[in-house]
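Given as structure tokens, the chain that follows is alone and in the form predicted on its own.
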């Protein structure tokens, strides 16, 4: 029996999934990625490109690269949302004969349904190539807040792509299926779906294998693209104040800014500050101009706070319309890449007074739910038990950025590991626990699973506090990381679910990458370790100078201070040999103190 494909046709990215042996799985595209950019382009030589290949050439070919088409599908040209799109999208938009919308690519004009069909067709062909069988049927998801016209246009796009669309499934319902909430009894759940182009909120009631939609709300022109646009406007304003050049007039520069803004936004979900560095962004008087600025998480939050607040207002309005309060909601599910933003998670937690669920990749949850619905339609869904091992090493970042292994790859689960760490600075009252997964010895080169802070540590010299860290992975592959200060018993923990959510291809890629860069990694690790050694000996040297200042001769004191300064300067350069030599020199100088003490003691005895 031919498989029914589940497809999340997204504004920014699209994902395909199927059910095999009762288990849903995401299907990688031809390029080996789990997500396909919802981008279509006509190259300069007339070739049609879809997905990552289209996105890659967007900077040099912005007017013939179509993205965010989901914001236009099923709309009238007179809609205010279309007017907004015309201001920020680089390609041409005009009214169609039936008062709809058309976009220009090359010399032709296309309906949004046609562009969407090109994306769906690529997904269909990639899945057929991957599975080695023909795909003719699909379940396609849409935002719950899509109207009939938008739903009909989405179905038409599927049919243009050669698919028999078995069902247009609301994304929140798909998310509920993916979380398995259809098996729970008498639960009210709220799905908070913040995608690339649309925002959705749905309240669903689960009971007796029935999912009933109680209320929906949303904004089909509020999404991650708007966050990107705020960053773009910020960069343009900053650059104009610095250089006096308006980048908004340059289509090529705008496309580069869009890519940089999206990257910065993603990085600020895990970092507190990121850099935006775009060389040769413009020119003046024949001289190239470069763009470099820093963007902090707090700046991004200030730029976009009203967008986040707007989403919470929609949530509040939706609950009031169905006479429910935040405390009536049993579970909150996050869907869409934009929900990775810490400010959004914070606001949701403040509003509901509880943590939202994040145990499935928000980019993939809707496609997985669509696949489950497809599996139900073809009678192929059943529960199974999986016993597994950890496919990659689970580690914690330690001083110098080193990934310290806690649970090695291929360890049978369930498994638990406990180790004790300490502070790196005097009077340090908080430590950041950075959990990573991968085989690389440097933490930043691996996949970040979580970051959290353990604070309230009593001030003490470095090396004195004892922080007990426990990695506990259960039979379901759910990793819980707990950090406890032994002096106060203060504890902080994080649960990382689906930590093994990597395809075999991704795992093998990481392994090969580890082998390819083994030599480079070793150098990085050795350099980090020797810098740690340098920090330790500098710390000890200063401590000795302070404790024995009355007993150390001025000559030796001057020598030690000189060697400390030389070692500190050497640390600024990534030359392993020089740093090691300076460590030896400082160590040799310090040893003269002991020699002097013992010599003085011997002289006193002889007298």
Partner chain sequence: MTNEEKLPSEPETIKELEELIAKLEKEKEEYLSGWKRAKVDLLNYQKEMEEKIKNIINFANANIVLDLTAVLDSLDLAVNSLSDEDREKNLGKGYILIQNQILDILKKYGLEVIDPQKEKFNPNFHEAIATKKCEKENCQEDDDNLIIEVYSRGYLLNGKLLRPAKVKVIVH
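Quick caveat: nothing in here was measured; it's all calculated off a predicted structure. Positions refer to the first chain, counted from 1.
Separately, the form predicted in complex with its partner chain exists; it is not shown, and the next lines address it.
Checked against its partner chain in the predicted bound form, the candidates 318, 255, 345, 361 yield a single residue with a heavy atom inside 4.5 Å, and that residue is 255.
Among the residues 570, 560, 49, 538, the one placing a heavy atom within 4.5 Å of its partner chain in the predicted bound form is 49. For a residue to qualify, one of its non-hydrogen atoms must sit within 4.5 Å of its partner chain in the predicted bound form; all three of 20, 259 and 280 qualify. You can rule out all but one of 573 to 581, 52 to 60, 560 to 568, 547 to 555: in the predicted bound form, only 52 to 60 has residues with a heavy atom within 4.5 Å of its partner chain. Its partner chain in the predicted bound form is approached by residue 133, whose closest heavy atom lies within 4.5 angstroms of it. Using a 4.5 angstroms threshold between heavy atoms, residue 459 stays clear of its partner chain in the predicted bound form.
Contact annotation for residue 288: at least one heavy atom lies within 4.5 Å of its partner chain in the predicted bound form. At a distance threshold of 4.5 angstroms between non-hydrogen atoms, residue 251 is in contact with its partner chain in the predicted bound form.
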